[in-house]
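To begin, one chain is listed below as structure tokens, in the form predicted on its own.
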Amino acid sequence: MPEERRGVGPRGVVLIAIALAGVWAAVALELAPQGLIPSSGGLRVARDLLSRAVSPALSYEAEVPPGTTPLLLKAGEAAVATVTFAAAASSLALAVGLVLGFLGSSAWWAGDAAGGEGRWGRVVQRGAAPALYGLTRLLIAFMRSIHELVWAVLFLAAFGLSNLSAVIAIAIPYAGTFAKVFSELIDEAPRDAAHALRAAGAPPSMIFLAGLLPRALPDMSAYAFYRFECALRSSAVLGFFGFPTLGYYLAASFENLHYGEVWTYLYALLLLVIAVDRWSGALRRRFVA
């Protein structure tokens, strides 16, 4: 029997490189355990905040004008607004991500997938296809490289506090992420059905749409549900910029030291994420599995 090869191996080299990079980063940033020791004031704030985790507020902790919406109802309205922003941004990002993921998939441009075998097909393959593929991948990288909070600051300065700017701020980086993941899932999908259609003489568009895309669709759908859950958190965070989501009321309560209200809004967000997770899990089991 051949002697077993011993050594670190490629995966071991990668893990060692990651560990060394982590040590170097800790030294460069001068990280030390002493940085986790809070001041007396900070420790008191943390204690006061955490102590209210078991007793969230059911009503406002300060006097409010007559006719003010009750706290729990206000939390529900903020949760609905959070879902609304997330749904609008996710839908827009999904539509754009599908198009860019299609154009950024090498499975479409490689071989005889794009254009066919005629003269014009060869022109597309050798000229237009590489340029369009490269520009699409560059656009995807650009959209992903800027966080939604940076887009929110930019749009807030340019257009003011508008719901559309908040939706677009989330949709741009999410569309880039959708496109990247979708293109990779399409490229990594099994090719047996596509090869069978090609052998039967099917046109390139049919090969892609009927032989390749359906094999990647379950994973694409599952990832789309996961990104919607992420959009909920992004939508809540945008409340810190003044948009009427859960983050807006959470920040206001924290600034006023109303820690019971803070936990009320935090638990509303937690319940929202759990509900969406259960809902998306049920849909995945019904339509994707």
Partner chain sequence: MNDADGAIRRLYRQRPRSRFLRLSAALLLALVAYAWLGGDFGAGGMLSPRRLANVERFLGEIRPFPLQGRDFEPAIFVRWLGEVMAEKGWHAARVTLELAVAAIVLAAVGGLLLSLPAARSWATPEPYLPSPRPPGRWRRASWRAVVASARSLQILLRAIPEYVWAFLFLALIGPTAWPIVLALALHNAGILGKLGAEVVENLEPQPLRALRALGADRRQIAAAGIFPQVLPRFLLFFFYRWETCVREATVLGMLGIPSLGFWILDARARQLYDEMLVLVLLGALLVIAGDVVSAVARGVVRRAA
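Residue numbers count along the first chain shown, from 1. No experiment lies behind these values; they were computed from the predicted model shown.
There is also a form predicted in complex with the partner chain; it is not shown, and the following applies to it.
The contact with the partner chain in the predicted complex, taken as any heavy atom within 4.5 Å, belongs to 80 out of 80, 135, 95, 193. For the options 55, 59, 68, 39, the residue carrying a heavy atom within 4.5 angstroms of the partner chain in the predicted complex is 39. Using a 4.5 Å cutoff between non-hydrogen atoms, residue 250 counts as a contact of the partner chain in the predicted complex. Contact between residue 167 and the partner chain in the predicted complex is found at the 4.5 Å heavy atom cutoff.
Contact check for residue 199: every heavy atom lies farther than 4.5 Å from the partner chain in the predicted complex. Using a 4.5 angstroms limit between non-hydrogen atoms, residue 160 touches the partner chain in the predicted complex. Only one segment in the set 212 to 220, 68 to 76, 149 to 157, 98 to 106 has any non-hydrogen atom within 4.5 angstroms of the partner chain in the predicted complex, and it is 149 to 157. Shown here without the partner chain, the chain has 80, 83, 84, 85, 87, 88, 91, 92 in 65 to 98 lying with a heavy atom within 4.5 Å of that partner in the predicted complex.
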